[in-house]
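First comes one chain, alone, set out as structure tokens in the form predicted on its own.
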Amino acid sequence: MNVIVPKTAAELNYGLSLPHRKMEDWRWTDLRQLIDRPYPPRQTVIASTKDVGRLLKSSPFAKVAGTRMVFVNGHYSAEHSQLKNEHLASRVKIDEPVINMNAAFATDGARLKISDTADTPVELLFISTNADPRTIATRNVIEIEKGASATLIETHLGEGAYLSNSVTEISVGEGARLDRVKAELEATDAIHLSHAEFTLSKNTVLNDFTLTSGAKTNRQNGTVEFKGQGTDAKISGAFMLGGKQHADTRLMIDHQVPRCTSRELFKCVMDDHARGIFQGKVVVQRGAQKTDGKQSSHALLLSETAEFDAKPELEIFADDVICGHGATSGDLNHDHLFYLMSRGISASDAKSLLIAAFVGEAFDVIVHEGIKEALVKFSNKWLSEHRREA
């Protein structure tokens, strides 16, 4: 029997080939099968003030962000933003499916340059209102200049069925610092594709956290390039998935110069029939001596039908390095569960405590207490909706 897959927006309008399972980096996420309907690009959707206002308030960081740059259905909204868009040129030229699709579909994007110390968090908020299926593509360019410091929040949320494609280029100048949090909270019928490219200069600090909890299909790529010595990068993330959600994260850490440190930690919670994938690769180039790089991913499976796949990789071309990686998956520790229940805590509360502690370790990279509290509040709400009696 021949299965006819409906043409996607990419095939229908631009003739772009979609990634499939025969491509090694996409072996677990076959977009030709997962994209189940046409998503026409560059559809102009006029959002009502009521819909926009409701979605603005639904961001977990509504009370935390000092200033906002808001994009509604792929277009910058000056009415709802406190920051103006800069005119910064995009530089990413990688031949990669998500980036190629973004280049074909992009209508707008955040352009932000920070040259001093930003006192309050800046939120880049991308919202999609309920409308006919369509592709929403944004190309974002963020520059943290020499000696500057910023806390940046990137939030994606919406209503309805749509395909969101986001490419973000971030450069961190010499001696600069960036604390970034991304929250992927797309609608339950949405598809989220993204690619984040980090370029780190000498003596920079990067703390990056990604929460993945929305969309029915999610694929996020990340690349971190060390261009200057003495740089420290901590990359962490958390999956909180249920139903039939599918989330695939591919992260590549590229140590190109000596004396840099990288840490990657992902804590993934899957319930029902959800599937999570983490593909992490650390490359230590020839000459990048004194590199210290560690990577780990850990999954907690709350049901017998949930699934987690991990593919940790190391490529080392230098001989004076400290590198390691690891991956685990399994159920809750029943000894810990029994201990809590023996102290009079109900089974559901005991499970929630253990899951919260498991996920909470990934939050440690977040420096801003207000942002951390907002994420803890979100995770507690998610847990209350996915509690299971023992």
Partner chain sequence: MLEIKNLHVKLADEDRVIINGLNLKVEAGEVHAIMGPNGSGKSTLSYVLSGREGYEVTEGSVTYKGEDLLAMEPDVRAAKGVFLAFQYPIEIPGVATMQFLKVALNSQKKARGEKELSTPDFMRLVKERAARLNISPDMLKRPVNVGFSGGEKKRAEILQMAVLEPALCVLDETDSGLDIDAMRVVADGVNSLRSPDRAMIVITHYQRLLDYIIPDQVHVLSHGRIVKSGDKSLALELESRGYAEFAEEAA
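Residue numbers count along the first chain shown, from 1. What you see is a predicted model; the values in this text were computed from it and never measured.
Below: the form predicted together with its partner chain, not depicted.
The stretch from 350 to 358, 54 to 62, 29 to 37, 321 to 329 that comes within 4.5 Å of its partner chain in the model of the complex, counting heavy atoms only, is 350 to 358. Mapping the unseen interface onto this chain, Thr44 falls outside it, with no heavy atom inside 4.5 Å of its partner chain in the model of the complex. Using a 4.5 Å cutoff between non-hydrogen atoms, His334 counts as a contact of its partner chain in the model of the complex.
Proximity of Gly344 to its partner chain in the model of the complex falls within the 4.5 Å heavy atom cutoff.
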